[in-house]
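Only one chain is shown below, in structure tokens, and it's the form predicted alone.
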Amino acid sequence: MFRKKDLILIAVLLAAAAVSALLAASAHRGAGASVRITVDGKLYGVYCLTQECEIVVDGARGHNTLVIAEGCAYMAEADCPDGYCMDYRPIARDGETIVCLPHRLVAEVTGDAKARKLDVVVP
């Protein structure tokens, strides 16, 4: 059937294919243009990633401070019991998120920094 060298070759090829797929998927994400913050499923605000600022979100469930600096957003403060949201790395690419489950807060990078041109608009 298969020899040991055959199995090693198959494993190496599968690993190379997996790494290539991950690299290709991450390459398609462009730099984001804004951060969209929702609290408990409701829009709290949309903020541009090019303007440095601190966004303080005081909700019924607690307090969070999101900082936008150098084109990235990160959670600087949160009074939730676990503090996991502060452990996220800064986000800047389209589709990246920071989630604070106890406060039901989601910060998501949206939009492409480069303007997308539409070819056709279908009703």
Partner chain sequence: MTARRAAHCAMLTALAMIFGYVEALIPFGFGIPGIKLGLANLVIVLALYLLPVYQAAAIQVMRIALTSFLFGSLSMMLYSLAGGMLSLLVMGLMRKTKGFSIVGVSIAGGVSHNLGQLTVAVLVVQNLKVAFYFPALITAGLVTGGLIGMVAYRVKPVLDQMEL
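The shown structure was predicted, so the numbers you read here are calculated from the model rather than taken from an experiment. Numbering follows the first chain given and starts at 1. What we label the rigid core is the largest C-alpha set whose atoms superpose within 1.5 Å from one form to the other.
One more form of this protein exists, namely the form predicted together with the partner chain; it is left out here, but the text below deals with it.
When contacts are judged by a 4.5 Å heavy atom cut-off, Arg89 counts as touching the partner chain in the model of the complex. Heavy atoms of Asp58 never reach within 4.5 Å of the partner chain in the model of the complex, leaving it off the interface.
Not displayed here, the partner chain is approached by Thr97 to within 4.5 Å at the level of heavy atoms in the model of the complex.
A residue is said to contact a partner when one of its heavy atoms sits within 4.5 Å of a partner heavy atom; Tyr44 fails this definition for the partner chain in the model of the complex, lying far away.
Residues of 42-61 are not found to place any heavy atom within 4.5 Å of the partner chain in the model of the complex. Superposed on the core, the two forms barely differ at Leu101: its CA moves less than 2 Å between this form and the one not shown.
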